[in-house]
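Single chain ahead, by itself, as structure tokens, in the form predicted on its own.
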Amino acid sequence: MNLDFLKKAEAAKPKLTVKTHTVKGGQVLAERETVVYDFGTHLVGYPKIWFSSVGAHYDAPALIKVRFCETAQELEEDTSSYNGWISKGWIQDEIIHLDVLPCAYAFKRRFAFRYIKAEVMATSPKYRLRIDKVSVKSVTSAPERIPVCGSSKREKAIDKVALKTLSECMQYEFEDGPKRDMRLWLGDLRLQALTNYQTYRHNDLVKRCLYLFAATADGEGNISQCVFTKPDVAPDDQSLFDYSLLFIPTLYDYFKETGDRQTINDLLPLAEKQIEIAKKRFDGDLIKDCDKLGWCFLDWSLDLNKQAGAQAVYIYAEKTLAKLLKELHRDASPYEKDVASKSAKAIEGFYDKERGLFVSGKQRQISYATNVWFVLAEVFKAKENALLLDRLQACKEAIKPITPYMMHHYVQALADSGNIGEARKVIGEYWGGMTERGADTFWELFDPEDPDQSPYGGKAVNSYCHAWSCTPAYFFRKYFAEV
């Protein structure tokens, strides 16, 4: 642990804004009866419920099941049947005993929700339970509201939800999801930071997160995929090939936004180290394929081959490092030379000239993830990239994105290739699809053809407020100029 970097991260730790939201009660419930409270918007915070009894003096504890739901669909979900591979502990169900009535029960855990469902599991024949009031102390480190933008009612609705998504994930660090996983992930951070620069401008929070990743790098310089901050700061025990490399553009974007040379001087050696570490995965100038689950992310798809896309991310990151060094008036030529050789090898090894698309793995798989990252890496010029994206869109066998994370990169590729109109259309259809389904905040994943999809074996643990889906607010302001 680099204690100097940790100290700088803690110096940038924000204060949380706390607001109280209250819903009136008055409902009297017998055993097996339920009530639902709707706060009207997504909240992240600490609930408190005031209980009393009606009838004869209570002669047994009341047993209550309380469920916290981000969406209305979760209210009726049978969470007891969940048997997926990710922990059931993420499900926001609480069972509480009330030994003394009246009382005010304050939940110690922080929850992410819009709806609270209370079910009376047991009282006694002599009394019924009354819920007098429900309140929540919501928390965020985001500044006050900023104006919504967009050129239509639909775009304004999308932007409002995007801003809410980002602000709910802005806590003591940029969390990837306030319900799950409640921690700092590098891929999410990069997109949150980009959106933050166009919206809340809470740049010290970005700085804190950069130093947290730097402080927890291992002895060889490996940056972990995510960082825990409770009870103490600690890295995850795994790294993702693409996420570690994305530390470089995240650092570069921060420098372009702030001009903070002290932070750059501190963290530049670690950024260079990510290239050195990533090179070990190459055989000459071509990256080696890998069957290990989780070696590289790109998108949430078990069918996705990551080989070619990983090489594109490497080229993208190394090009960004070269740009950063040149802006600092340092020698970037070794990196530029490596970019040139690896780009040439990528075209030779992955580009299918007949189809005009990049392929990946032994099966020569075609996917949006692979081709989008080669567009972002600018292996070809903008005009050819635009044609490549047209061919990709027409390719029926191409594996499509299933997360807002990958959809962000597709929209970015369209914008970088000059097709602003199509970029705007994709945002309207994809993120608009979530708002039309009642989203208060944007979800971890969304497949318009299968809205209930979950990579975990059950949607009970899906996150319906997830950081990587906040970027329409970035695109609207940076590319569409509709403020």
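One rule holds for the numbers: they count along the sequence shown, beginning at 1. Because the structure is a prediction, the values reported are computed rather than measured.
Keep in mind that the form predicted together with a small molecule is missing from the display, and what follows is about it.
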**Q.** Partner-contacting position among W185, Y335, Y197, Y211 - heavy atom within 4.5 Å of the small molecule in the model of the complex
**A.** W185
Q. Just one of H202, K207, R180, K342 has a heavy atom within 4.5 angstroms of the small molecule in the model of the complex, so which one?
A. R180
Q) Does the small molecule come within 4.5 Å of any heavy atom of Y254 in the model of the complex? A) no
**Q.** Distance check, Y464 to the small molecule in the model of the complex, heavy atom within 4.5 Å
**A.** no
(Q) Taking the small molecule as it sits in the model of the complex, is Y456 near enough to touch it, meaning that at least one heavy atom pair lies within 4.5 angstroms? (A) yes
Q) in the model of the complex, does W300 have a heavy atom within 4.5 Å of the small molecule? A) yes
Q. Which one, 372-380, 138-146, 284-292, 238-246, holds residues whose non-hydrogen atoms are within 4.5 Å of the small molecule in the model of the complex?
A. 238-246
